[in-house]
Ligand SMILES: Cc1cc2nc3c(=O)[nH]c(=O)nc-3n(C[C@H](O)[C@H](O)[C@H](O)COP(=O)(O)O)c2cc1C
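A single chain, nothing else alongside it, follows as structure tokens in the form predicted alone.
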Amino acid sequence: MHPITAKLKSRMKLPVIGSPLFIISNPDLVIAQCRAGVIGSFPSLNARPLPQLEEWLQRLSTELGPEDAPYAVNLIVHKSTDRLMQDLELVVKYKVPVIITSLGAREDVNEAVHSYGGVVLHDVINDRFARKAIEKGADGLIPVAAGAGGHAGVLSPFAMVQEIREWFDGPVALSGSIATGAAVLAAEAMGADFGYIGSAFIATTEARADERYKQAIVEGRASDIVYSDLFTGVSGNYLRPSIVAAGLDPDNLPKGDYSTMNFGSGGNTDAKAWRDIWGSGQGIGAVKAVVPAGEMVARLKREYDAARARLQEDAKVLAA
């Protein structure tokens, strides 16, 4: 096991990273995740205005201890993020254990995190971007496969992990329709170190999401997910009912505009992606109720242990 992977897992009860959910993730959710034994995270931009980010980091630094899993902060490394360097300064000040970078890879950001011993995981949608991220100093990768919630790629998780593991032995957290403990074990079996789970945590009591959004996750299935680049300019997966409620045709959406990261491009200026259009992955069929995050993690752990025991029994039969 890679030293960084071993270091992270030493403080975890289950190899799961709760993905940073735009608008939704907050200190209450992150603390609940970390205390349950998985890495919790939030996008730095969820803390608005900027002084709130320091308040959140102060709270996390105070309330989480060595018996809890480490926490992570997501930095959007894109030219549209005008407060990136201010957020980075606070991340360094509070020595955030894990940084998740997305929508770009920058050597200066990685170097700043490494200056205090932090770990950088970068999310990617293919092997080419994965190689670039490691070349620029990222410590680990988050392959965002087909079916992942929000911004996502189109490649099979089997193909992505296979290609990455041909040349990279560092931490890998697989994202894409993972919502059960068995799926976490499957991610490990194919070569990943962690399952990266987002949509399931939307349906938790601590999540800062509209109650209708949470209920839509509970009631939704894979067939309710629509893949489009309209809402942010980057292709992603969204809940069909929220698109319909915004007055749009999910089966006939115009193209988005990546060059400007224009929310609601293509003539739709009323429905805002961060408010009216709800991101979700295809794995939500496993979510049956809105529960506390700790209860969600407990369910994942039971399923993980049961799946591992079942495979061990199968292995005994094959070996007989």
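In this text the structure is predicted, and so the values were computed from the model without any measurement. One-based numbering along the sequence shown.
Keep in mind that the form predicted in complex with the ligand is missing from the display, and what follows is about it.
The ligand in the predicted complex reached by all of Pro20, Gly176 and Ile197, non-hydrogen atom within 4.5 Å: Looking in the predicted complex, the three residues Pro20, Gly176 and Ile197 all sit within 4.5 Å of the ligand (heavy atoms).
Among 111-119, 88-96, 148-156, 221-229, the region lying within 4.5 Å of the ligand in the predicted complex by heavy atom distance: In short, 148-156.
The ligand: the contacting residue among Val184, Ile202, Ala72, Met160 in the predicted complex [heavy atom, 4.5 Å]: None of the others qualify; the residue that does is Ile202.
Any non-hydrogen atom of Pro43 within 4.5 angstroms of the ligand in the predicted complex: Yes - in the predicted complex, heavy atoms of Pro43 and the ligand come within 4.5 Å of each other.
Proximity of Thr180 to the ligand in the predicted complex, heavy atoms at 4.5 Å: Result no; Thr180 lies far from the ligand in the predicted complex.
Contact flag, Leu14 vs the ligand in the predicted complex, heavy atom cut 4.5 Å: Answer no; every heavy atom of Leu14 is more than 4.5 Å from the ligand in the predicted complex.
Any non-hydrogen atom of Ile76 within 4.5 angstroms of the ligand in the predicted complex: Looking in the predicted complex, residue contacts with the ligand include Ile76, since a heavy atom lies within 4.5 Å.
Residues from 84-110 in contact with the ligand (non-hydrogen atom within 4.5 Å) in the predicted complex: Contacting residue: only Ser102.
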